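What follows is one chain in structure tokens, specifically the form predicted on its own.
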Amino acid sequence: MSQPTFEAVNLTKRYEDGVLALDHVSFEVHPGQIYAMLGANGAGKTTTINIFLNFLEPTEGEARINGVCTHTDPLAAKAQIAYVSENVMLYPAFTAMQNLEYFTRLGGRDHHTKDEYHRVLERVGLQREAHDKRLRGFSKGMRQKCGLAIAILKDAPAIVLDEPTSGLDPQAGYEFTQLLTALRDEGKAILMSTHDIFRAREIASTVGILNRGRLVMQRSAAELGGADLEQLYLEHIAGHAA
């Protein structure tokens, strides 16, 4: 099998107040896979993502992207990763096209044409008439599409998504997951945190359940088979709550 794009190796994070946010978590995400992290608030999902993004350094272990350790060589690691947050932070006074051009150039990719910007916005499902409108009037789903368009243009092998379907209406959530499936099929490795058990069951290659910083369950789609993921989630959370 190919080298994993994402690799957590005994990833541990203890904060200064003594809280153990991650407890020796290990997993891999290979090209063409989606790894969905499930868990309640405070389970460790955001801490895991922040370590991969080098917003935090681990207390023990390593987070690697294509073999590059994120806290020992952060610039090399960040060059290979694109990030879409739950609340995409773009410039509300800029149009979709202006945001796309600004953030793409900021990332060092200044060779794209306006036609390419239009095409990627259309690919993520943003209607052509919205391309030259300011983001202050956009819905959350429309802003998410702009964030994903920026991630696509970076053309990084690794994509991180933090609660990507939170707050989206059913149609926007469906369109978003269809696009993630297409990116997976193009060979991207996608690491996503989510509360959306239905979407995780639908598109994830592997599902991991975090509880109080520990990876209490990890199963591939094949291993899950016809299992009720919601019931498994409740069992694993209840079984490790004591």
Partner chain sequence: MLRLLIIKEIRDIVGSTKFAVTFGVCSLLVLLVFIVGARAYHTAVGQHDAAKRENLRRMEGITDWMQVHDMNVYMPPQPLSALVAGVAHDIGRTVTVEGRGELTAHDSRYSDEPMLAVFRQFDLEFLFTVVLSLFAILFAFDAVSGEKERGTLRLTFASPVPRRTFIAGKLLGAYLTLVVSLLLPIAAGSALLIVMGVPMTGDDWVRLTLIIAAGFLYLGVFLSLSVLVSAMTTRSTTSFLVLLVVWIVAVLIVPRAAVLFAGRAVDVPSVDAVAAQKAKFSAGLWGDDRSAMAAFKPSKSGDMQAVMQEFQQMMQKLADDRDRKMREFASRVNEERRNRQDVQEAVAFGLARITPAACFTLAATRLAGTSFEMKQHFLAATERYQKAFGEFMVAKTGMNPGGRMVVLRVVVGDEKKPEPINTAEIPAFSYAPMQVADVAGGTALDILLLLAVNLFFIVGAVAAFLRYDVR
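What we label the rigid core is the largest C-alpha set whose atoms superpose within 1.5 Å from one form to the other. Numbering follows the first chain given and starts at 1. Here the structure is a predicted model, which means the values were calculated and not measured.
Here the subject shifts to the form predicted together with the partner chain, a form of this protein not shown in this document.
- Per the 4.5 Å heavy atom criterion, the partner chain in the model of the complex is contacted by stretch 46-54, the sole one of 177-185, 46-54, 31-39, 212-220.
- Although the partner is absent from this view, residue 120 stays clear of the partner chain in the model of the complex, with no non-hydrogen atom inside 4.5 angstroms.
- When the partner chain is considered in the model of the complex, residue 90 lines it closely, a heavy atom lying within 4.5 Å.
- Although the partner is absent here, residue 103 sits close enough that one of its heavy atoms falls within 4.5 Å of the partner chain in the model of the complex.
- Looking at residue 154, you'd find a heavy atom of it within 4.5 angstroms of the partner chain in the model of the complex.
- Of the residues 96, 81, 149, 126, just one reaches the partner chain in the model of the complex with a heavy atom at 4.5 Å or closer; this is 81.
- Every member of the trio 75, 107 and 134 reaches the partner chain in the model of the complex with some non-hydrogen atom inside 4.5 Å.
- Once both forms are fitted on their rigid core, the CA atom of residue 107 lies 2 Å or more apart between this form and the one not shown.
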